[in-house]
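Just one chain follows, in the form predicted alone, and it is written as structure tokens.
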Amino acid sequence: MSNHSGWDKRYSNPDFIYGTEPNKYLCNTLKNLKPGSLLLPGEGEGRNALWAAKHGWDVTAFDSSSVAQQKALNLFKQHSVNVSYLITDIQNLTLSEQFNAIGMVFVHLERSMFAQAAKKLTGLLKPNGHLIIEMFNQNQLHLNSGGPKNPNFFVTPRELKTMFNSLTIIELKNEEVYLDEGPLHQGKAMVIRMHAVK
């Protein structure tokens, strides 16, 4: 997320490179929760924020790419939903409020940066707030269905458990899934899915 110009270039594609349908794991988990305030880091073109706002969530999203933000805002306008969308990254995020839920969908950071982000995100959860993560695991490296190609941008379930050790883990596992999320997330993928509560 720190390579702003690289992400701007990627998102300059007129198509929605990750599609407009929400991430299945995120929306299936949110469906079981009472809607409240939701934070979406690295939200890109707005697909998850759109779904959540349509389903009663008060959504705050952010991304480092202004190009992605503009595509997202256009999407929200087309569907008549309101989402607060900030231009920032996790390292520079400053919010005074806390959230009922945080959804991290394919947000990949260098391992030490991810540990710092975990501490910040834990602090942004309200008591009894839910953290939902789907990200690629290291077995994704040899697949071409998306994700980083640098092994330092992957963490393991054990590392996630340590980074979020103040949360109660509801689910944490490696899974093989089939992605159909726009042109850049297509095909068999190896992911980590995590659901935890503060």
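Heads up: residue numbers just count along the shown sequence, starting at 1. Predicted, not measured: the structure shown is a model, and the values here were computed from it.
Separately, the form predicted in complex with a small molecule exists; it is not shown, and the next lines address it.
Stretch 42-50 is the contacting one of 27-35, 42-50, 137-145, 165-173, since its residues have non-hydrogen atoms within 4.5 Å of the small molecule in the predicted complex.
For the residues A72, L109, A118, I102, the 4.5 Å heavy atom test against the small molecule in the predicted complex is passed only by L109.
In the predicted complex, no residue of the candidate spot (W57, T122 and L131) has a heavy atom lying within 4.5 Å of the small molecule. Proximity of F62 to the small molecule in the predicted complex falls within the 4.5 Å heavy atom cutoff. Although the partner is absent from this view, S84 stays clear of the small molecule in the predicted complex, with no non-hydrogen atom inside 4.5 angstroms. Of the heavy atoms in Q98, none are within 4.5 Å of the small molecule in the predicted complex.
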